[in-house]
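Next up is one chain by itself, shown in structure tokens, the form predicted on its own.
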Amino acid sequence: MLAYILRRVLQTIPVMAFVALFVFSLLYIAPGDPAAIIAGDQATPADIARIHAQLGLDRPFLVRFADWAWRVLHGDLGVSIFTNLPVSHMIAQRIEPTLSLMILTMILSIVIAVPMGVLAAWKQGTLIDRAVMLNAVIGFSVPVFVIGYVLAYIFALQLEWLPVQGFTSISQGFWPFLRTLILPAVTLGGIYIALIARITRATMLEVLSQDYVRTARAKGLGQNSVLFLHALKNAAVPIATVIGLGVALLIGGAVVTETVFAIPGLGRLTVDAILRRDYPVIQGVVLLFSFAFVLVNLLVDLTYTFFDPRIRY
């Protein structure tokens, strides 16, 4: 097991190296001269030359990448072109809302979607099964911003139960913190719940048809024991896999959700940086999101042996 963990950790190194190369290349993949775009229409050649030097565009590509990668390894993500603040400082200021939103969304989605999928598999072909699948189709089909606006209109503007926008830090109290995240978490969790519920149902249907499940029932075990102790545990590997892969949906959806609910997180920071062509900020945020995605999927891989003791790497 230890050898597998070490091997998987080492395998992430070339992945992150490739991601870093791609992130750094964003500055050069974008059409046009980045310095001229950043400087604006009224810029003089001297202004463009200054930005060229600031971005390091006057040096060879590999030299610039090696210098940038070395600074990243030491925690230096560069300096914002517009605010002149360190990118790492700007990310640190914005990371709490995004991290809180994604964690709450994951917890909420798993708690709701897994029982939904198990129930749909158990009641296959019934009205309950059709209702769960209908909710899953709606979750996949309706855009995140539409769900957000509908929930905000109903629960914030009409019923006035929850705030329509903003974020309250957990340091100011748990309930004020939770109130500002309920609507965004439900909005962001729509497609995530749909994905997990569908995979859980499909996997449970396959497991429930196995001989050992029929044997457990023949021995007189209760339905809950059969479903959750036998079937769900053996169906957990593909469910855990899709939970890890679904983090990409959360990252992409967080950008839209934070814009709809005016949450000052990394999603809003990314949108603002893209609109202003603030490439150091874009590179830093994308690199952070990529690292988080790789880390979550590494942790998911390591949980496989817990769910299925037959797996030995």
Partner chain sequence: MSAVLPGDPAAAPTLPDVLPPVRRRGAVMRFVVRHPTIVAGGALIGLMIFIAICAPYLHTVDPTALAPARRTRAPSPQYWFGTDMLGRDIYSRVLYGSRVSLIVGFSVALLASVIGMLIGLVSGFVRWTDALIMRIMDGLMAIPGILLAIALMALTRGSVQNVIIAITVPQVPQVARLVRGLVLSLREQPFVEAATASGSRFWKIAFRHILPNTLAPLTVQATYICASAMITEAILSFIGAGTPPIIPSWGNIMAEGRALWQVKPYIVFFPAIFLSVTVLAVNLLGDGLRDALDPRAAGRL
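Keep in mind that this is a model prediction, so the values were computed, not measured. Positions refer to the first chain, counted from 1.
Below: the form predicted together with the partner chain, not depicted.
Although the partner is absent from this view, Y304 stays clear of the partner chain in the model of the complex, with no non-hydrogen atom inside 4.5 angstroms.
The partner chain in the model of the complex comes within 4.5 Å of a heavy atom belonging to V294. Among heavy atoms of V271, some come within 4.5 Å of the partner chain in the model of the complex.
Using a 4.5 Å cutoff between non-hydrogen atoms, T259 counts as a contact of the partner chain in the model of the complex. Remark: of stretches 212-220, 79-87, 106-114, 159-167, the one touching the partner chain in the model of the complex is 159-167 (heavy atom within 4.5 Å). Proximity to the partner chain in the model of the complex, taken as a non-hydrogen atom within 4.5 angstroms, holds for one residue of L178, I95, A240, V142, which is V142.
The partner is absent here, but in the model of the complex a heavy atom of L205, alone among V72, L205, V226, I128, sits within 4.5 Å of the partner chain.
Taking a 4.5 Å heavy atom cutoff to the partner chain in the model of the complex, the contacting residues in 146-180 are V146, Y149, V150, A152, Y153, L157, V164, Q165.
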